[in-house]
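Given next, in structure tokens, is a single chain: the form predicted on its own.
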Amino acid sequence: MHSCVWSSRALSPALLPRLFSDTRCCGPRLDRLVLWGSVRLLATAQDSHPTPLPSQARVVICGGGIVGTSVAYHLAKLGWTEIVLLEQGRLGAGTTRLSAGIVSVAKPIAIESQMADYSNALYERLEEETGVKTGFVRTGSLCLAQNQDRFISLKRLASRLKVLGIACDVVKPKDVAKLHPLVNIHDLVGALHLPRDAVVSAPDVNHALAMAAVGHGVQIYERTSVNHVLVEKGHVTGVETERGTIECEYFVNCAGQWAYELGQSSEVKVSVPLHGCEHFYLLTKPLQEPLPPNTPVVMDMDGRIYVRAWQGGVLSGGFEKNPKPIFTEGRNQLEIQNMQEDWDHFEPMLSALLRRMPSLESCEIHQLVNCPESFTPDMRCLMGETPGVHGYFVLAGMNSSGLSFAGGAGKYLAEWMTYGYPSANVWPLDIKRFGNLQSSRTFLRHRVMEVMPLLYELKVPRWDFQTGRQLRTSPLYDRLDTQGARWMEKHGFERAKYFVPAGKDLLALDQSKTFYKPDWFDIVGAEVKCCKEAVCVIDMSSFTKFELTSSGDQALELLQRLCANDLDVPVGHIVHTGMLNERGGYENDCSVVRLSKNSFFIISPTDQQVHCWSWIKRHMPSDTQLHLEDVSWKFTALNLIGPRAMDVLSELSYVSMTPEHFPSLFCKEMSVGYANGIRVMSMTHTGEPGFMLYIPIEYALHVYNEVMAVGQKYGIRNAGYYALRSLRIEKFFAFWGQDLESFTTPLECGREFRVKFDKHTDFLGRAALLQQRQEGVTRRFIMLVLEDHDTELDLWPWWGEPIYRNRELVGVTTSSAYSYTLERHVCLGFVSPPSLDGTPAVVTPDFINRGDYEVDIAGQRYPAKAKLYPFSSLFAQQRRRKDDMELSNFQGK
């Protein structure tokens, strides 16, 4: 038994490790040493005559692991020149060296599965492209389910993968036994088979990528540490290393474990929120009957383990409930070499392995490997340009999936740097989803102790992180908490999901997790009913809020350039608009209030705080007369929803709030109770009547108390975001980050009326929208109401469900909710007609209205009615006609 992986029997750093290469499947490796030498010749600091660093480059990449070499490879493929890659130690001698070598598409979100699928294809062809053996073996994989909930989650994953064109099959336990000879199937209910998953030698793949990059002109320098990144006027200007300075336009932080410290060491600090944890896996010696190299990988997530064949034996690791975070102060590769075995810590995973594969009990252990991995606060990697420094890009925090993601992530980042945005929607991975508030070392340490176990935890819809909470709260948090608020977190901000009435079992409600009808169903239903019949209060203080002011017309001119809708409106008017990119896609969806001639109040979604700020700043001229301020913390926002909202406000302000005196989409600064300067707006984000109150925080508690006291006679109650979601979805309201993203245009989601085509003002995306209007849209946002779906007994739709038309896949849902008005489930999503000869077909009303639609929920298809306008509008019209008939009948009697 070795003390650690860096034993005398491990390959020396001088030759680069090939820990997981299976020579029987890869053939002779003599060519490897010659080829590797050609990369080493570029430079190392310990050479007697090291090659001098270039004085300038277009881009400098820090990190010679598989992520850094992938970025270099893909940039070179896109025609970039003057690419320099710097590695503090030896190429691939960090986490890449110790990778378990599994490439799997079984990922929780679509963009991650897409990246893994691309990586799989890339690694397979690298051998032919470079002549370097990569150890690629198409093994396939098996995701096991020990209970029905896990089986449901795997079925939902299978449905999503099929949308992406990724082969997969839901199989029975007996099929698992046929595919893998060692698996004990007695406690299984099923599995997901992914036939195209693979295993590779990560160091060899890294070597192949480096060789291909060098062949395209990339310069690689080993044993060269980056001290810090030079920044001038918000732009990257160079990199200072221990061997000199390199002037450059772009810098890419692919430093893995040390990406956080590297960001903090720059002249302008860059937040890279990740933290390291120890990760263990076991290697055995060859079994008595050696396991073939093409044996499927097994992922037993309920047992928290994964298993693959390795040199006739097995490699098995996992994600334990009690991970061991590590600090990585400094950036020294020796830290990885000092990682120690911990058999006591690994024992639960060893027990799980023996339960799943009992025949391994007699096998001989080779060694226990301690491999550090970096994790992020939300289990998704960090990608993209940082908000504070132009030209500073990050690709790090792979959450133990670096090998699976590296190929696809490198491709998308290279596209981002080349074209301004990648070819797929990567917002779930965009580093701008985080702010400085998530960069606390204590926060990261506590959060990654939760994140690592969650990688294999069963996650049902609406689950929430438990660590790092109460970081950002409304002034009303304590008051709402005592009234039964159950909380969720968004961008670090606590938001009420719903309010538990007195007498309910709070503990049981918090622990109820299901893919079926949730226990909060009736609670949210009562809140929705109150919103429609009386008045409810929802604390929406988490929304992003900016103020843009100028001495002249500069603020208006900037917004007219950024926004699709017309902002040249009278003072006090509210405009719903998108901020679009050059493709016409939504970079932000917001409401803008004209406070005065040269002052505007911008309201955006909560998680848009960093991204929206960055987008506006990027397009702001360097004009000292133009000022943008983030005022999110200055205002508490209360949403008064319901027909009696005007009565409540009328009593508190002594001002008539009827539509005649306070028209829709209008803002007026008023007194509410004793508080002055309350910005009252006639909108609710739900389609229901009511008002938004933006209250200076020092008045928040007073205004809330007054509203609740006066509202008692009108049946007022608190409500949460689950009620808001139900209301907005049944009204066909699209939300950014759920339904809208950077590839969605206003024309595709029925918002052409929010585009100022009739004005001569140019705005970002105008040319793309004009072309799309002329050619027609090839996908369309629709509403689907499920039929023949039993809310009590059937699985619920949540998001990501495939949409079929006439039994042909045409789209996917983006959000869904139960409509308490329609008493049915409502799904929102996009559909596209099948392409004709490879050319996208135009969506027509007939395509929407005359098809037979179905929504696939975990493999079960449910019929649905598709519409381009809200069903609730239709039902309201029917009710009005019925009421009119009853009234005329009454008058005729």
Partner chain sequence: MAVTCQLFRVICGRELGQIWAPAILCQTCCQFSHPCKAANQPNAKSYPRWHLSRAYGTSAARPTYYLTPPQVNSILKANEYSFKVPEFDGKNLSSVMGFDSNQLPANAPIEDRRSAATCLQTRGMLYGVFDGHAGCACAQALSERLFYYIAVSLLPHETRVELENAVESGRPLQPILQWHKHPNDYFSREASHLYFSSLRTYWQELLDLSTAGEQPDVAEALVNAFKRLDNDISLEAQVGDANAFLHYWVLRVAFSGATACVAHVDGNDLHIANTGDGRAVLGVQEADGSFSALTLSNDHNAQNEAEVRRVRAEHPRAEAKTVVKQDRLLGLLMPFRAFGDVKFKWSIELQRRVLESGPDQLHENEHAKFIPPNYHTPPYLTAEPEIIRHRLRPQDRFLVLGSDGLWETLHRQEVVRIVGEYLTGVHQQQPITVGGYKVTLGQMQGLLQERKARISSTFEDQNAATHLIRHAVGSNEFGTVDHERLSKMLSLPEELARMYRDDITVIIVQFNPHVIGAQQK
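What you see is a predicted model, and the numbers here were worked out from it, not measured in a lab. Numbering follows the first chain given and starts at 1.
What comes next is about the form predicted together with its partner chain, which does not appear here.
Proximity to its partner chain in the predicted complex, defined as a heavy atom within 4.5 Å, singles out one entry of Cys363, Leu161, Met540, Leu626, which is Cys363. Put simply, of Glu808, Asp758, Glu792, Asp344 only one has a heavy atom within 4.5 Å of its partner chain in the predicted complex, and it is Asp344. Proximity of Thr549 to its partner chain in the predicted complex falls outside the 4.5 Å heavy atom cutoff. Its partner chain in the predicted complex comes within 4.5 Å of a heavy atom belonging to Thr284.
By the criterion of a heavy atom within 4.5 Å, Leu353 is counted among the residues contacting its partner chain in the predicted complex.
Proximity to its partner chain in the predicted complex, taken as heavy atoms within 4.5 Å, picks out 354 to 362 from the listed stretches 354 to 362, 103 to 111, 567 to 575, 458 to 466.
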